[in-house]
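One chain follows as structure tokens, the form predicted alone.
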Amino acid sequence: MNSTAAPLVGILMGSDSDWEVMKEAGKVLRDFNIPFEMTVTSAHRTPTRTHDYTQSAPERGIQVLIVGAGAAAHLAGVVASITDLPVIGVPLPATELQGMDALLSTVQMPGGIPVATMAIGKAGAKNAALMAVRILALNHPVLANQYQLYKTNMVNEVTAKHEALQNRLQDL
């Protein structure tokens, strides 16, 4: 994949205050050299912008949408109601409820409006990008190989940590 090519993934967030969480999705996509774009748009404050962005995404080459929102978190559901593209929701900890409100809003879509919902916060943003990688890998064998290497590296890291722990145990 070429990061200078047209974006394949669109990352939407309801506010620029969501950047600290949603940049984690961008980091993963960049690590896999997947071109992406990011935008701030609100289901409530800029509904026309949200609609226009979402509706034009396929013709611009976007294949997956990652949507982060906190509080009422309607953005992912609104986006999913407009497009047939896969929508991956990331609940954000934007209120004193620490993202539980956003999680419930994102996961409780009515039948017919699917949103793949990730964990709250940074882990969710990272996993949303990895889910996008898996979706894109269905049609990109090189990306599928990269993803397999990513998984192998995770196994190797855990194995190395286990071995280091065993060495420490011997020093007790």
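All residue numbers are counted from 1 along the displayed sequence. None of the values given here were measured: they were computed from a predicted structure.
Form predicted together with a small molecule: not shown, discussed below.
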Flag Arg60 as yes or no: does it have a non-hydrogen atom within 4.5 angstroms of any non-hydrogen atom of the small molecule in the predicted bound form? no
Quick one: does Gly70 come within 4.5 Å of the small molecule in the predicted bound form, counting heavy atoms only? yes
Is Gly14 a contact residue for the small molecule in the predicted bound form, using a 4.5 Å heavy atom cut-off? yes
With a 4.5 Å heavy atom cut-off, would you call Asp18 a contact of the small molecule in the predicted bound form? yes
Stretch in contact in the predicted bound form with the small molecule, which is absent here, among 126 to 134, 109 to 117, 31 to 39, 62 to 70 (heavy atoms within 4.5 Å): 62 to 70
